[in-house]
Each structure stands twice: as structure tokens, then as C-alpha cells.
Ligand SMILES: Nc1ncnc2c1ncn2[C@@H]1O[C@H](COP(=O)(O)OP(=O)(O)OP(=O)(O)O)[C@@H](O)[C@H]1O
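A single chain comes next, written as C-alpha cells; it is the form predicted alone.
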Amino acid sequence: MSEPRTRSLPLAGGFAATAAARARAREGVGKTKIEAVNFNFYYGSFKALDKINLAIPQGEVTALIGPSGCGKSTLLRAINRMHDKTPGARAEGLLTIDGESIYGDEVDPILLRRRVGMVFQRPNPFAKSVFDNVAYGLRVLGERNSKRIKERVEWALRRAALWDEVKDRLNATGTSLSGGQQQRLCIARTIAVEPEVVLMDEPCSALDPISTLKIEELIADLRGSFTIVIVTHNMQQAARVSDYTAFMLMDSQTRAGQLVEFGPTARLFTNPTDPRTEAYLSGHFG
């Protein structure tokens, strides 16, 4: 099978280096959904990510952990090309979904984001009713059948563990809900269009412990139905919710984010192979 096409420069080291990178990236992983091979990312002349090799498994929860500034959010947002409007932002190397380049010339970013949903650090419901928040994406995609929209809204709110709390308040504004409810509403809005991948950037950082627990329970419930990638600074949360963990660090000289270690969460947290991972998890830095 031929390599997916990309807009980027050839991969350094040729076929042998690429094959070796793939082997390292796939440690313990089943079917791969998202793959990075020697992936670099730049903001102008600044190199934010350096040679990321990572294979994210389908239907599992993968956590990206590491100190602030190590490139976790940059990598997360690269997966659905949220940097496209950032002046000077550019990618090199290979980043794929189901083997197809995310940065290929033929890729429509709008259609890509239909496949790859995003949940942000702070809840961002639209200034619309609860119902219209969830129905928004369906209508944008052309759904006009009111019965199907109603069924899909209820389905999404149920999957987001929010239906019982809002079924009598569907006409209330989304912003009238509590912070935790707003975040679950945003998750319902994301999954209503049935994306293949859900990206979550610190989804619990603005929430209280009870709301955080509900979001974590929701992530566990969505496992299998969606491939989930979550950025978190909370080590306990990563250990609780993820199946796989990627530990990233910023190189002290280049300031670029690098992947230090990737593997099953249980193995990485109890028996890390890199001393830097062990030092971070034990609180010696970061």
C-alpha cells in the first residue's frame, strides 16, 4: 500500500527510518485510528513539535500528559487542523486518520472537522436553547427533518448523561445551565453529528470535583463508540480515564515539544521505560 500524500517535506531518513518510527509508535496498540510519523509543527520559525511518532488506537481513550508548554494542545489541535488560520503555522511529516493524510491538498478542513469533534477547556455553549445547541451541527450538515433532529438531540443528550436533567428545559438557554452541565451540553453537541474522533482539551479544568467526576464517567461511557484524545495536567485523571498515555516534554535547547514515551496507561504509570517519565510522574519536576 502506498504512503498517503502530504504537503510536507519528505520524511528524514527514508523508508527505514519511517518503518522504525511506525514500530515505536505502535507499542501495544490495536487498530490505529490516528498516526503521526516524524510529525513536526511550526509557528513561523518556532518549532513547536519535533518528530512526533505516535499511533492512537481506535475506540480507546488516549491521554496526552506533560508540563505546560510541551506541545500537548498543539498536537491535539493539529489533528483537526485548528491551526489553519494561525499566521505562519505549518506542518511537516505525516499525520493521518485511517491512513489518509490530514494535511493532504485534497482534504477539506470542514469535512475533516465533521469527523473530528472538539471539546474545549471552558464550556462554550451557543447563545441558543439547549435543544438548538445540540441540533446546530445537524442543521449545518443539511438535516431538515424535524423528527430525525428531535430523535438525534435526545440521543446525544442521553449519551452525554444530561437528558434527565434538561428534558423539561430544552427551550432554556444553554448558558443558563451549571458549568458542568454546560460542558456536557458541549459534548452532546459534539457527538450529535457522530464524529469518529473526539478531542478534549483540559475538559475538566474549569469544573468542580462533582462535575469533573460526571465528565470522567461520561468519557468512560463513550469509550468504544468514539476514539477519544484528551489533554490533561491531572495525572490521577489520566490514570483513571485513559487506556493509553503519551508523555511529552519540551526540549531544553530547541524548546520544541517531543514525545518521550507512549504506551498502555497501566504500564506507563507503574513501569515507565524512560527515567524522565518516572521523574515527572513522581513529582520531581513539572
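Keep in mind the model is a prediction, meaning the values are calculated, not measured. One-based numbering along the sequence shown.
One more form of this protein should be noted, the form predicted in complex with the named molecule, which is absent from this view; the next part is about it.
When the named molecule is superposed onto this form from its pose in the predicted complex, none of its atoms lies within 2.4 Å of a backbone or C-beta atom, and the site is open.
In terms of contact with the named molecule in the predicted complex, the residue from 80, 74, 129, 211 that brings a heavy atom within 4.5 Å is 74. Proximity to the named molecule in the predicted complex, defined as a heavy atom within 4.5 Å, singles out one entry of 230, 70, 246, 37, which is 70. Contact annotation for residue 48: at least one heavy atom lies within 4.5 Å of the named molecule in the predicted complex. Although the partner is absent from this view, residue 202 contacts the named molecule in the predicted complex, with a non-hydrogen atom inside 4.5 angstroms. Contact annotation: residue 255 falls within 4.5 Å of the named molecule in the predicted complex, judged by heavy atom distances. Within this chain, residue 173 is remote from the site of the named molecule in the predicted complex, having no heavy atom within 4.5 Å. Look at 236-244, 216-224, 39-47, 54-62: in the predicted complex, residues with non-hydrogen atoms within 4.5 angstroms of the named molecule sit in 39-47.
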